[in-house]
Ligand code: PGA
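Before any questions on binding or motion, here is one chain by itself as structure tokens, the form predicted on its own.
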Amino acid sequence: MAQPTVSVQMKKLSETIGLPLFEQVGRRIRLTEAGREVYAACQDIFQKIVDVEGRLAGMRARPAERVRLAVTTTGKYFAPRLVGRFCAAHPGIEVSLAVLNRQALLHRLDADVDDLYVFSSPPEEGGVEVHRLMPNPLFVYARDDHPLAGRSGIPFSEVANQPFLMREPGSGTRAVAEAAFAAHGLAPIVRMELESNEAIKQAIVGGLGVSILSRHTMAPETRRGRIAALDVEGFPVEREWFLVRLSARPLSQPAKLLIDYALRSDVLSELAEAET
């Protein structure tokens, strides 16, 4: 640009901002405090443009081979193994894995953030394609020396009299627990409300109460003998894992490969055996 054109543009920019961008000190012109702020912001914007141009150039040179997978918090106990097996079978495909509670997962589904989702119960709204993966039974768990451990046919009313460890609102596991108490016309004696299955497991080991959790969450602890699954009437609650995607979202080849791989009987058998 010619110098007069630059001067006109700077004057317009200064008028738009409402503050002078330059000041004259003697024979020199320097940036004002506002000018320094605008200059720094412009440098940041220009750098971001350079960065995104570089990333886009990389994408143009190499077609994207990526799958975005989001799972519920309990799904983190088997989903990484599924992803690991898939990546070993398809080394050219990258998989990102997000772990959230059910409510956050529904928000991401509604916003069409990911390619695929793993739910412990499929969304009720339409517009989704649902595939059954494998069973997801839920049990009542207590510390292995709890008075109810080792008994058979425990009435649910006795469980309702125990201090209960509850997941946070929005959790699918919490919804199952609330439904179980409601079905018996009872209310839980909530000792603690915790935001992760790991925290609940440690609270059970600490003797703070009992809880309803997925077998996928508790398998390692029950094998080590620290936590016991109680024989309670109406349990286990038989649920399943589901692989879900938005029907309107174009199905990429990598996502299709992951769906086909996840539904293979030998893969599902290996994952199920690892949890028993």
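Heads up: residue numbers just count along the shown sequence, starting at 1. Quick caveat, the model's predicted, so the values are computed rather than measured.
Absent from the display: the form predicted in complex with the named molecule. The rest refers to it.
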query	finding
Stretch in contact in the predicted bound form with the named molecule, which is absent here, among 27-35, 66-74, 41-49, 246-254 (heavy atoms within 4.5 Å)	66-74
Arg102: touches the named molecule in the predicted bound form, heavy atom cutoff 4.5 angstroms	yes
Exercise: Arg226 in contact with the named molecule in the predicted bound form, heavy atom 4.5 Å	no
Residue contact check: Gly170 to the named molecule in the predicted bound form, 4.5 Å heavy atom	yes
